[in-house]
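Next up, C-alpha cells for two forms of one chain, structure 1 and then structure 2.
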Structure 1
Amino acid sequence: MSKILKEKLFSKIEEWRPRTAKLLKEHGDTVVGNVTIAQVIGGMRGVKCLTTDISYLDPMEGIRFRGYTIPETLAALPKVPGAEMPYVEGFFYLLLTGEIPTEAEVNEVADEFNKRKHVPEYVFTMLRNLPEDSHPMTMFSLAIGAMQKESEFAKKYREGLNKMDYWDPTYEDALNLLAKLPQVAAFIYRLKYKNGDIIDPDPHLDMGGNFAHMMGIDKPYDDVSRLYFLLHSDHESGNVSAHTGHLVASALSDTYYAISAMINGLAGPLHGLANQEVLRWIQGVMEQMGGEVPTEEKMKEFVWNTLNSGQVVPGFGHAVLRKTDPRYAAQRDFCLKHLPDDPIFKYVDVLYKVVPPILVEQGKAKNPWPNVDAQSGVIQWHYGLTEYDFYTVLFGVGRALGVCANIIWDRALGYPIERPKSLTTAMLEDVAGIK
C-alpha cells in the first residue's frame, strides 16, 4: 500500500511540533485577547481560544484553505479527466499537507481511497432495520457510529501507544471513514427516497464521480458533488460541527465517535439546515409571485415589504465576511454556465442583484452580501435532488474532510482535552459590580 501522503504528512508534523512546543514553553502567558461578559454568556462568539492551520475565514477573501482562497484552490488543484472540478482526494491532500499535489500524488490518494471504501454489510443491515421515517442525518450519524468497531486508533490505544504516534492510527481511521462516507450517504438516499433501489459503487471512479454514480444522477452532477464537498469542507474551528469534532476527539475518542458527533451538531437548524431553509423560502416567494420571474423593481418592493414586516431575507449576511461569500460566487458561476434558465436560479439571480443595496440602505446588516446557503440548495433541486432533509447529509460528507484533517493534526501536535472554566451568574454580577 502506497505511503506517499502519509510520509509527506509525517514530515510536516515533525516540522510543526517544535513551533507548538515553543509557543507553549516560551509564550504561554502572552495575552491574546480579553473576554467580555457578553462573550461568556453569548456562546463564546469571537473568543480566540482555538488553533487550526487547515482553514481561516478571511473577512474580505472568504475561507482560505491552507492559505489559498477558493478561486486559487479550484484553479491550482489537478482536475479529474474530462471534468471541470478538481479531485476531492487531491483537496484532502492539500488540507493535510498545505501543498498542492501533483497528478501522481493525486492519483495515489485516489487509489488509496478506492482501496478503503468497502462498507461493512452490517451498516446496511442496520440502516434497513431503522424506522422508515428516520431522518437521514440520524441514519448517517448512526452508520458512522456503528463502524467504530473498525477503529484502528481504539485498537492501538488498547495495545499501548506512544503519545507522539497517536496521529498515525487517527490518520488511518480518517482515510478509512472518508472513503466510505459517499457510499453510506448515497445508500441512505436510495434506501429512503428511491424505494431501496441501491446502485453499487464503481471502483474506477474518483470520490465525487462515484458519489454521483451511486446517487443515480447524470453528469455534470459529478462536478456538483466535487464542488459541494470542497466548499463545505471546513470553516475554521469555531463553528458547531468543526468544534464538536475537535471537542469529542480531544477526549481521545476515535474518529468515528468524533465525526458521528460532528454530524449531530451539523443537524441543528442554526447550522447545517440553513440551505434547505433558504430554498424553501425562495419557493415560497415564487408561489406568492405566481411563478413568474419578477422585474428588479417588483422584487425590491417585495424585499422591502418583507423587511418592514419584521422578517429577514434568508441567505444574506455573515458573522465574519464583509463581501459576497466566495462559496456562493463559485456556485453562482456554475449556475450561470450550466443552468442559467432554471426558474429557481432566476429568482436567486434577481435577489442577488437587489437585496444587498436594500440591506445597505436599511442600515442594519454588517454584511449585506449573500452567503453559501443562498445558492447551494438551488443546484441540488435542479438536478433532481428535491428531498430537503438530505441536503445536510451532503454537507456532512464535505465537512468531514476538514474535521478529519483537523483531528489528525490535533493528535500530531498533542493538543489536550478541551476544558473551559464556567462561572456562576453571581460571579459575573460581582465582576460587573452588580449588587
Structure 2
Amino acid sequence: MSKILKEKLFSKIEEWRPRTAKLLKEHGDTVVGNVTIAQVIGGMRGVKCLTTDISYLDPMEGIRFRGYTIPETLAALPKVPGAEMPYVEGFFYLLLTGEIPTEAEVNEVADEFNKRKHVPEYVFTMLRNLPEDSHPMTMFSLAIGAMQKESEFAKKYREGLNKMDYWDPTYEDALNLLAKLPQVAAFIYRLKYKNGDIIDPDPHLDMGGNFAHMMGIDKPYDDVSRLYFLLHSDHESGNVSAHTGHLVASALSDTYYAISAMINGLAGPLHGLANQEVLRWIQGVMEQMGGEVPTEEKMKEFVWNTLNSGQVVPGFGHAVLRKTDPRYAAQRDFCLKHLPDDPIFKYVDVLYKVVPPILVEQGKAKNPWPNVDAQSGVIQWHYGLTEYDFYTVLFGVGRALGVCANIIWDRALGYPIERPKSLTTAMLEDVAGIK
C-alpha cells in the first residue's frame, strides 16, 4: 500500500507539534476573549474557544479551506480527466496536509480510497432490516455506527497505544470510513427510493464519478457530486456537525462513533436538514401556485406567511456569516451555467431577491443572506434526485471529509477531552449583580 499521503501528513504533524506545545507552555495564560452572559445563555455564539487549521470562516468573506477561497480551491486542484471539477480525493489531501497535491499524489490517494471501499455485507443487511419509513439520515448514522467494530483505533487502544501514535490508527479509520461513505449513501438511496435495485461500484472511477455511477445518474452528476462534497466539507469547527465530531472524538471515541454522532447533529433542520426543508418549502409554494413562477409580490406574501406563523425561512441566515455564503454563490454559478431555465432555480432566484429585505424589515435575523442550503437542492432536483429527504445524506458525505481531517489532527496534536464549565442561573444572577 502506497504511503505518500501518510508520510506527508506525518512530516506536517512533526512541524506543527512544537507550535502547539509552545503556545500552551509559554502563552497558556494569555487571554483570547471574554464571555458574556448572552453568550453563556445564547449557544456560545462567537466565543473563541476552539482551534483548527483545516478551514477558517470569515463573516464577510466566507470559508477558506487551508487558506484557499472556494474559487481558488477549484482552480488549484488537479481535475478529473474530462471533468470540470477536481478530484474529491485531492481535496482531502489539501485538507489534511495544507498542500495542493500533484497529479501523481492525487492518483495515489484515489488508489488508496479505492482499495478501502469494500462495504461489509452486514451493513447492507442491517439497512434492509430497518423500518421502511426510516429517515435516510437515521439509516446513514446507523450504518456508520454499525461499522465501528472495524475500528483500528479501538483495537490498537485495547492493545496499548502510545498517545503520540493516536493519530495513526485514527488516519486509518478515517480513510477506511471515507472510502465507504459514497457506497453506503448510494445504497440507502436506491434501497429506499429505487426498490433496492443496487448498482455496484466501478473500481476505475474516482469518488465523485463512482457516486454518480452508483446513484444511477448520468453526467454531469459526477461533477455535481464532486462540487457538492467539496463545498460541504468543512466550515471551521464551531458548527454543530463539526463540533459534535470533535467533541465525541475528544473522549477517544473512535472515528466511527464520532462521524455517526456528527451525522445526527447534521440532521437538525437548523443545520444540514435545511437543504431538504428548502425544497419542501418551495414545493409547497409551487403547489399553491399551480407550478407557475410567482411574481416577487406573491413570493413576498409566502415569505411573510412563513415568518408570521413563527417558522424560519429555510436556507437563509447564519450564525457566523454576514454576507451571501460563497458556497451558495458557487452553486448559483453552476446553475447559471448548466440549468438557467430550471423552474425551481427561477424560484430560488426570486427568493434571493425578496427574502433578504424582508428579513431586514422583520429585524430579527442578524444575517438576512442565503446560506449553502438555499441553492443545493435545486441542483439535485434538476438531475432527477427529487426525493429531498435524502439531500442531507449528501451533505453528510461531504462534511465527513472535513471532520475526519479535523479528528486526525486533534489526535496528532494531543487535544484533550472537551469539558467546558457550566453555571447555575443563580450563579449568573450573582455575576450580573441581581439581588
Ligand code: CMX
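Because the structure is a prediction, the values reported are computed rather than measured. Structure 1's sequence is the ruler for residue numbers, which start at 1. Between two forms, the rigid core is the largest collection of C-alphas that superpose within 1.5 Å.
Margin query: Just to confirm, one of these is the form predicted alone and one is not; which one is it?
Written below: Answer 1, the form predicted alone.
Notebook entry, point to check: Does superposing the core leave residue 350 with a CA shift of 2 Å or more between the two structures?
Noted result: True for residue 350: a C-alpha shift of 2 Å or more.
Item checked: residue 282 C-alpha relocation of at least 2 Å between the two structures, rigid core basis -> Yes; that C-alpha moves by at least 2 Å between the two structures.
Next item on the list: Determine, after fitting the two forms on their core, whether residue 124 shows a C-alpha shift of 2 Å or more between the two structures.
Entry: It does not, since the residue 124 C-alpha is displaced less than 2 Å between the two structures after the core fit.
Check: For residue 367, what C-alpha shift in Å is seen between the two structures once the core is overlaid?
Finding: So the C-alpha of this residue moves 3.9 Å.
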